[in-house]
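The chain that follows stands alone, in the form predicted on its own, written as structure tokens.
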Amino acid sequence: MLLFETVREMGHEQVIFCHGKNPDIQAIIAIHNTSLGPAMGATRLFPYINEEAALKDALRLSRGMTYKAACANIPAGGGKAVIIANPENKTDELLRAYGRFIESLNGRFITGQDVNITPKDVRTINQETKYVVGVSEKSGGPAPITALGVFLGIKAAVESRWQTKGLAGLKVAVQGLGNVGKNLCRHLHEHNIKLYVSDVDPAKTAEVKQLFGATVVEPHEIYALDVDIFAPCALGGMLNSETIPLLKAAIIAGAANNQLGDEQIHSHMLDQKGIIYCPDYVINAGGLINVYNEMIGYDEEKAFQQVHNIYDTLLAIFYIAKQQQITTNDAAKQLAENRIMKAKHNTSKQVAA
């Protein structure tokens, strides 16, 4: 990887490499864009196969956060952090050391909870920095509101594809049954949708089968099911040159970040198959909306109104894509970048005045 060229092409403002001994810590903080406000993005702890893989994850996720905030009309920028570590080696000392790195940025980056970071871990990080959200979980955590946003996105996609608001009788395949995937299954079950689910953890599939009458399939079988909607809610990169040819679903609408292995190649592959793709950073914005509102003082009515806007935003993206004959991925980027440029223009006018 050509580091500076890659960072420049993706438009990042700053990438910070954090390292130290006692405890041994390796972390990367990627700040993509702060035009709309301070960069917000959760922290992911993961045993990456190498440092390049960790950097790529941080760069893509942070850019996604910029677009996520812009599409959600949240006055925040985009950032992301990854800690390169095995979850089994996670210690309070490591988390506190990481918190000190966050504090040194003086509010330029605000973080929270992602893969392998628990609410307890967030509180440990908070011992060293005030620039972390989700400490008190006033709203019950981000998962339920993220799942609600994904469900609303599914409703928008169904309306766009079949010109109906009805969901009963549809078949949905949900890949990944973490907190968001499980909550999404609950919403779908309540609307009489037939569920097919997969997860690497048999206990999770057994629970969802018992609760919602879901049909359990093996992880490798989930792509080729004859369903109406495929909802990827596991890790990213699941939509790629190997899996897309298997898909029979008419709609892709899930909570996972970075669902496309390659944004340009695979968004066009989905478009050529006639599949409506709900850009991940639009449909899964509920978590960001949740933690942002906790940060400014939680107002449940305001937060839920912002989440319901995901429905209208996706309808607008589908319309732009159809009118301009572009992919929904490009339409979402266009919408986000227009809002960012407008914010920059307004800031320049205020400075000039």
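Keep in mind that this is a model prediction, so the values were computed, not measured. All residue numbers refer to positions in the sequence shown, first residue = 1. Definition used throughout: the rigid core is the maximal C-alpha set that superposes within 1.5 Å between two forms.
We do not show the form predicted together with nicotinamide-adenine-dinucleotide (NAD), though everything after this point is about it.
Considering non-hydrogen atoms and a 4.5 Å limit, does nicotinamide-adenine-dinucleotide (NAD) approach G112 in the predicted bound form?
The answer is no: G112 has no heavy atom within 4.5 Å of nicotinamide-adenine-dinucleotide (NAD).
Though only this chain appears here, would A143 touch nicotinamide-adenine-dinucleotide (NAD) in the predicted bound form if you measure heavy atom gaps against 4.5 Å?
Yes, contact at 4.5 Å.
Quick check on H187: any heavy atom within 4.5 Å of nicotinamide-adenine-dinucleotide (NAD) in the predicted bound form?
Looking in the predicted bound form, residue contacts with nicotinamide-adenine-dinucleotide (NAD) do not include H187, since no heavy atom lies within 4.5 Å.
In the predicted bound form, is there a heavy atom of nicotinamide-adenine-dinucleotide (NAD) that lies within 4.5 Å of any heavy atom of G178, even though the partner is absent here?
Yes, G178 is a contact residue.
Using a 4.5 Å cut on heavy atoms, which of V132, A256, L152, I252 is close to nicotinamide-adenine-dinucleotide (NAD) in the predicted bound form?
None of the other options qualify; the answer is A256.
To verify the annotation, which of these, P245, G107, P219, G169, has a non-hydrogen atom within 4.5 Å of nicotinamide-adenine-dinucleotide (NAD) in the predicted bound form?
For this set of options, the contacting one is P219.
Only one of 199-207, 263-271, 117-125, 79-87 gets a heavy atom within 4.5 Å of nicotinamide-adenine-dinucleotide (NAD) in the predicted bound form; which is it?
In short, 199-207.
Of 279-308, which residues get within 4.5 Å of nicotinamide-adenine-dinucleotide (NAD) in the predicted bound form if you count heavy atoms?
Heavy-atom contacts within 4.5 Å come from N284, G287.
Answer yes if the Cα of L61 shifts by 2 angstroms or more between this form and the one not shown on a rigid-core superposition, and no otherwise.
Yes: L61 shifts by at least 2 Å between this form and the one not shown.
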